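Just one chain follows, in the form predicted alone, and it is written as C-alpha cells.
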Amino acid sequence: MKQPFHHGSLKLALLDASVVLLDMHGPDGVTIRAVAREAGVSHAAPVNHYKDRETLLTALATVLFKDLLACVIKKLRSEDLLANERISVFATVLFEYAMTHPNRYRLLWHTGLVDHSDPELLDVMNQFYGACCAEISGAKMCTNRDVETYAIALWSMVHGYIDLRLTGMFEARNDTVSGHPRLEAMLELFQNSGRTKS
C-alpha cells in the first residue's frame, strides 16, 4: 500500500499523479477521481487543495509553463548564441517540448479545461511572452513592424506547425534546398523576412 501523505506534500503528490495520467491518457484522462486513485488517497482528499477539476488542471498547466520558462532561461544563458539564435530558442523549446510531451503541450492551450485568466498562470505566460519580446527588441531585426507583431507572428507560426505535426497532417522532413530540419528552415525564412534592406 502507498504511504499516507502529510498535508503539505499531498498537493505536490496530486500534481505528480496528474502528470502521470496526462502523459498516459491526455487531458481528458485527468479527473479528480483518477488523480486521487493514482495518488493513493480517497476521492475526497483533493478538494482540500483543488476545489474542482479546472483548478487542478490550471495548477498543473502553471507548473508545466514554469518548466518551459526555466528551459528557455537556461538556454539563453549561453554566451555563444547570436541575436537571431536567441529568438529561435523560444520556438525550439516549444517545439521540442511538444514533440516529447504532446499531451502536456495540448493541455497548456486547452481553454475548455484550463483557466487562462488565473493570476499565477497568466503571470508565467506573460513572463515567457515578455522574454520573447525582449529578445526580439534587442536583436533589432524588425524596424518596420512593432515588436508584438513580430512576436505574435513567430508564436503563431510555431504553434501552427506544432499543431499540424501533432495531428499528423505534417511529417518530420528537411528542407530540400538547405537540408535543414523544417522548423529550422522556417525560422531562417522568418528571421530573414524581419531584416531591413540596406
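Note that the rigid core is defined as the largest set of C-alphas that superpose within 1.5 Å between two forms. Predicted model only: the values in this text are computed from it and were never measured. Numbers for residues come from their place in the sequence shown, where the first is 1.
Separately, the form predicted together with a further copy of the same chain exists; it is not shown, and the next lines address it.
Distance criterion of 4.5 Å from any heavy atom to a further copy of the same chain in the model of the complex singles out T149 from the list T55, T149, N48, S137. Heavy atoms of G40 never reach within 4.5 Å of a further copy of the same chain in the model of the complex, leaving it off the interface. Heavy atoms of H180 never reach within 4.5 Å of a further copy of the same chain in the model of the complex, leaving it off the interface. Heavy atoms of L189 reach within 4.5 Å of a further copy of the same chain in the model of the complex, making it an interface residue. Residue contact check for L69: none of its heavy atoms lie within 4.5 Å of a further copy of the same chain in the model of the complex.
The three residues A153, H159 and A185 all sit with a heavy atom within 4.5 Å of a further copy of the same chain in the model of the complex. Taking a further copy of the same chain as positioned in the model of the complex, the residues of 106 to 123 that bring a heavy atom within 4.5 Å of it are, in sequence order, R106, W109, H110, T111, G112, H116.
Shown in the overlay between the shown form and the other one, fitted on the rigid core, is a CA shift at H180 of 2 Å or greater.
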